[in-house]
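Presented below, as structure tokens, is a lone chain in the form predicted on its own.
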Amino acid sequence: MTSMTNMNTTSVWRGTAPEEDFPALHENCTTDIVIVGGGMTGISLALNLAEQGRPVILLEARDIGFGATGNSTGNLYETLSRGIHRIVDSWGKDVARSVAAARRQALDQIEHRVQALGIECGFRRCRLYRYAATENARAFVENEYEGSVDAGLSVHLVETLPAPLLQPSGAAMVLDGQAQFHPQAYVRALARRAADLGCRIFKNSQILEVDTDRRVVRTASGKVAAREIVLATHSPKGFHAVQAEMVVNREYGLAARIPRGSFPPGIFWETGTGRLSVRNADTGEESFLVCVGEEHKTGQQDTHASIERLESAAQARFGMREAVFRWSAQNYSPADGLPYIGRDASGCFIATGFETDGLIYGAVASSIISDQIAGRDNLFAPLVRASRFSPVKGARGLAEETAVTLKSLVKDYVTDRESIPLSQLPLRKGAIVEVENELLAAYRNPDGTVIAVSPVCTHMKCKVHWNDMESSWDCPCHGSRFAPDGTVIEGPATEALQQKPLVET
């Protein structure tokens, strides 16, 4: 097993994606619509609007597809990874059928674009298998089969799985006609097409401020005024009511080289002590086995331990050799099981609460928002409107997120926060240290120098925790993440952690 100290945390998609070249924003400009976020949602929407001839500017903090899209599984499916039976139980059969129909339409749209634009992204139709690894997990698969039938999905049961997968406990559920692709190759091809149609795309243009009253977004070197603002950033930037309703999680991924054709095509979801998603992926001349799992609340678990457990599971179940790509991704679970898509109380369009189903929901969101901007009806839009709140249906999810936030606040403000002396901080490590009776978030560079910042998240004042796998400060309350020097990696925070002068004696 590779040493975790020098871990490469690039995903297989980001590591094998085609190059793209867009400038950073260095001007003040005006447009009809500004989209913040260059992932599946933002890029799909930009192309929708560019095809309608609308003036659009898209701002991406880093590279196109850098975030959730480039750290996903690359799986496309009509169902939901945590189970569509939850929608049946909470909302009824009709809503579950609407969810499946909207996702099916989005999958078909992706396939159409791949074919129409000749996108080389390894798109293929395949089966999705959901199965129990333990006897205790059989009830989940049985419930999911019944829920899938209620949702109108064409599912059937099989007794065995293709080799080299271990055989399931009980019958496995199969859903035909699902798909897989290279997500970052796909969105970068869409971005090039949108730019050809007149959309102005800027990368390395992180948002520092969203002025919803004046309809202006600002970066470090420019700003954009627009009639409409779309926050396609997984969690909307700044303060939005939906952030109090969502639970924020991280999940881990591995990819190891395998001989081409040695692992069967398909989406394989194992349910047991946890969730494990497995697939193969062909990229250029290479083939990879991709395993994703080990989900936990952001900022609340040992990240190295999580990736090590995933690697051990992949070795035990599939004989996975040394992983050449390791990564993690963030997801946001809605309070009532449905995403939030549309205009929220701030007047901005948002698209969030996708859980781990964001590739298809991103395409769904792009259709809904482009329809709403154009004044067209969308049958699915009322179910997922961003301004909704269902106290009964969302009570459990809201209570969970409130408990997470309160637990973090109590741990970090009421009880003593664990800290270490600055002199004990190792190279390439971060920790909370106490200097002259003040707690600081400190990181020691490879050359021995120390960077110190405030440990207080600039979003809602929770305190950050060190993520040793990805060398970041993560907020356990709403998922904001910061680099060792305090700069924002992932929102909803827009303001960096305050830097603290530090002279080590």
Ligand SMILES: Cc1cc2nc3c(=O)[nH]c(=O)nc-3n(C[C@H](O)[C@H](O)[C@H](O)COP(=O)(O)OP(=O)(O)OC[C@H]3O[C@@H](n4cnc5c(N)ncnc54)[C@H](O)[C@@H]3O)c2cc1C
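It should be emphasised that the depicted structure is a prediction, and the values quoted were computed from it without experimental measurement. We number the residues from 1 along the sequence you see.
Unshown form predicted together with the ligand; subsequent notes refer to it.
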*So which of 34, 453, 68, 49 gets a non-hydrogen atom within 4.5 Å of the ligand in the model of the complex?*
68
*Proximity to the ligand in the model of the complex, single hit among 61, 57, 440, 469 (heavy atom within 4.5 Å)*: 61
*Could you tell me which of 325-333, 258-266, 304-312, 151-159 sits within 4.5 Å of the ligand in the model of the complex, going by non-hydrogen atoms?*
325-333
_At 4.5 Å between heavy atoms, is residue 45 in contact with the ligand in the model of the complex?_
no
*May I ask you to check whether residue 337 falls inside a 4.5 Å heavy atom distance of the ligand in the model of the complex?*
no
*Though only this chain appears here, would residue 251 touch the ligand in the model of the complex if you measure heavy atom gaps against 4.5 Å?*
yes
*asked:* If we define contact as a non-hydrogen atom of the residue within 4.5 angstroms of the partner, is residue 346 a contact of the ligand in the model of the complex?
replied: no
*Hey, which residues along 276-297 are within 4.5 angstroms of the ligand in the model of the complex, non-hydrogen atoms only?*
292
